[in-house]
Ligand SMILES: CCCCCC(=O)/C=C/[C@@H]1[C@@H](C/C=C\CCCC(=O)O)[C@@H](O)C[C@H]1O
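The chain that follows stands alone, in the form predicted alone, written as structure tokens.
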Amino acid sequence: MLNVKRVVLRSRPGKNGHPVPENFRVEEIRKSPELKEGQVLVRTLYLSVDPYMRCRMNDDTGADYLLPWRLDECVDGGGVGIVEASKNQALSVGTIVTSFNWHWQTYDVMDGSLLQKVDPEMVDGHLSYALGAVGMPGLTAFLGVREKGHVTAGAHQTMVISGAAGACGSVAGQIARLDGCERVVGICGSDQKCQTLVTELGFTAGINYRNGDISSALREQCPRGIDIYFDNVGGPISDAVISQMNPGGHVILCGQISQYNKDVPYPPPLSEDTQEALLRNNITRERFIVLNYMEKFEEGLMQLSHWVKMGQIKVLETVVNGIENMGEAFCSMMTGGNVGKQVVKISD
């Protein structure tokens, strides 16, 4: 029998409530490592915490493709691990694997058909990148820009990214630059993050939304208006950006993290002024769901891998150690405590 540590959902945040680490509980269980045909025993190396998980803490996620986490049951999300024992012909011992539905526990017995192999070469030797820049956040950035952004090299376009220092936004801004945007402006929550966007990731400018008048800052940094908006946060920040968008512009509606703690539908309703601006200026604003483009995942991962290995995309990570810190890492990420992708290292 194996001693396994796992994280279960202890309680749900109150209505319109912010998640707290106490919503989670770490417990130790004994688990049989016995395998059936097709199964593997995996040891968890890294686990991911992501903004969409806040929706899974509710009774109703508000999205038909997301199931709520169940109270007193082990929670799940993106994970990377190594096969320790196998009864699956396709997955030998020592193979690195990943899944979008990885239980938050130190070991697990999993159906091999639900796992994807990770080639360490693809992630430049950094296995955690499979949860970030060469994983779902990277794909979200890549396909969001490519499918909804309508970037045209040489067209002197300006793209604004909110949540720009996060896992998705930090990659999206770099892709916008690589694809030919003339100006790439990121919005985030600290002066230090703004500096990182410019000096390390090649953004044209960073705007700290906590510094007061965001509309004035946008006018200063986007003198020709805004053509494309990669929206990760929603709320008043998005209202300010959309009010300065050029006719025929495009909103990539990726996330609304500022609204996730509120009891509102997704996407949340817009103010009348913002709805009027979208209509008046013929601005497209279509909900973007990366899972609708699964046939393009392989191509996207190959491109992201190439950019990362060539140093054309720089990867930022915030790494916390230990499964006992999953709740802390999740809540910190939800309040902007991370720079780049937030991951938790579970074992070596």
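Residues carry their position along the shown sequence, with the first being 1. All values derive from a computational prediction rather than experimental measurement.
FYI, the form predicted together with this ligand isn't displayed, but the following is about it.
- Exactly one listed residue, out of 102, 203, 129, 260, brings a non-hydrogen atom to within 4.5 Å of this ligand in the predicted complex: 260.
- In summary, among the residues 254, 145, 226, 185, the only one with a non-hydrogen atom within 4.5 Å of this ligand in the predicted complex is 254.
- Although the partner is absent here, residue 320 is not a contact residue: none of its heavy atoms lies within 4.5 angstroms of this ligand in the predicted complex.
- Mapping the unseen interface onto this chain, residue 67 counts among the residues with a heavy atom inside 4.5 Å of this ligand in the predicted complex.
- Proximity of residue 63 to this ligand in the predicted complex: non-hydrogen atoms within 4.5 Å are present.
- Taking non-hydrogen atoms only, residue 29 never approaches this ligand to within 4.5 angstroms in the predicted complex.
- When contacts are defined as a non-hydrogen atom within 4.5 Å, none of 151, 181 and 307 contacts this ligand in the predicted complex.
- Looking at 32-40, 275-283, 298-306, 50-58, the stretch with residues near this ligand in the predicted complex, meaning non-hydrogen atoms within 4.5 angstroms, turns out to be 50-58.
- In this stretch, 264-278, the one residue having a heavy atom within 4.5 Å of this ligand in the predicted complex is 266; the partner itself is omitted from this view.
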